[in-house]
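A single chain, nothing else alongside it, follows as structure tokens in the form predicted on its own.
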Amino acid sequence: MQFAINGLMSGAIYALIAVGIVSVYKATKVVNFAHGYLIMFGAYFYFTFAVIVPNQPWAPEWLASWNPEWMVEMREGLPMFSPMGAILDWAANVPRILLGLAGALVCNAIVGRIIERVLMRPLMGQSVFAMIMVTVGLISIMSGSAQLIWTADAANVPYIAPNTPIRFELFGSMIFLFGTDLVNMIIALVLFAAIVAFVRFTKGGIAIRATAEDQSTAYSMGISVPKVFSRAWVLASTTGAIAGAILATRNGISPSLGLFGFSVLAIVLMGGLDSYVGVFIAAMTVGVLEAMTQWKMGGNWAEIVPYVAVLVVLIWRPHGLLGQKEVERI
């Protein structure tokens, strides 16, 4: 039960990352191989605004550590590792956490907008393969840029939520969780549901779906296809910023964080490139399979689970679990 719950929490993070890949594909028919590195940039932006900026001499003291008198009084006499102590430690970092999230969202949205405007838009109407190769080239550019700007040293960032230990019994098994992992899962699920609702029920979402179906027809119906492309890339970048901040709190920050995107790309192929529901099912399934493999066989075997799962599914269903089957008639 412990490993199954851990797997579900990991699956929620996978789903949040995957929604950016699906959004870009639905609007542009381009598989963004560099999405993992957009996530890495989001993590570094969170690090910049939550750690580097508050520690500058010109930054206000309350930004680095917010400790009002009432919080100091509450902290007095608390035992070590108490839940209240963990909450107060998190509360002291709330200003820098909020600044980090806001900075990551804005900066990553700008990066996504630049990529779409400078690299992708000039290729509109050209071969989809050329656009895909641009995203492959972005991998090296973004990885090298991150090392030049932030260096390759690993670093840690403040937790988004209180890291309070939670213990409870479920079906006779004692379960141990951390509060921050639970909140991360809730954030990921809420954002995933919000994006699916946006694409399904709003005017902007309908424009994305129409453009994915047929760009020429969408143009003739008055839809601005370039704006749809831009909206999809910004959406992928902002969700990537949140996912990057969450991954940074779980795994720390380093340029290798971008490699995480390849595992999620396998999950997207497994669920179906154009299906949010299929990707969600695949993400949760892979998360649980990874956890169970780690339980029975160790962490090294767990790393290959997404790739084995996608191979099995694609042999059975080449278009993914719920992906749309394309039929061409001559």
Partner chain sequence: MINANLKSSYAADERVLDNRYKQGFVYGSILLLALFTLFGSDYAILIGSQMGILLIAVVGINVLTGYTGLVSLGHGAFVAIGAYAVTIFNNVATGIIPAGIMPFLSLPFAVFLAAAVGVLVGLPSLRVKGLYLAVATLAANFIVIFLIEEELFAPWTGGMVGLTTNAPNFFGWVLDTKREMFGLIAVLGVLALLAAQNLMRTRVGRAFIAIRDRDYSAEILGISLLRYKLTSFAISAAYCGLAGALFAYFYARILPEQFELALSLQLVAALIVGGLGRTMGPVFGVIVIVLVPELIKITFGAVTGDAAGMAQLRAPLQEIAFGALLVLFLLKEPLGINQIVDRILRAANRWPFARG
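Positions refer to the first chain, counted from 1. Computed from a predicted structure; not experimentally measured.
Only in words, not in the display: the form predicted together with the partner chain, which the text now covers.
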property	result
In the predicted bound form, segment of 51-59, 65-73, 25-33, 277-285 with a heavy atom within 4.5 Å of the partner chain	25-33
In the predicted bound form, the one of A91, I132, A210, L99 near the partner chain [non-hydrogen atom within 4.5 angstroms]	I132
Among the candidates L123, L182, A109, A218, the residue which, in the predicted bound form, approaches the partner chain to within 4.5 Å (heavy atoms)	L123
Partner proximity in the predicted bound form: I114 to the partner chain, non-hydrogen atom cutoff 4.5 Å	no
Touches the partner chain in the predicted bound form: S224 (any heavy atom, 4.5 Å)	no
In the predicted bound form, V310 touching the partner chain (heavy atom, 4.5 Å)	yes
Heavy atom of S145 within 4.5 Å of the partner chain in the predicted bound form	yes
L105, S230 and G252 all contacting the partner chain in the predicted bound form, non-hydrogen atom within 4.5 Å	no
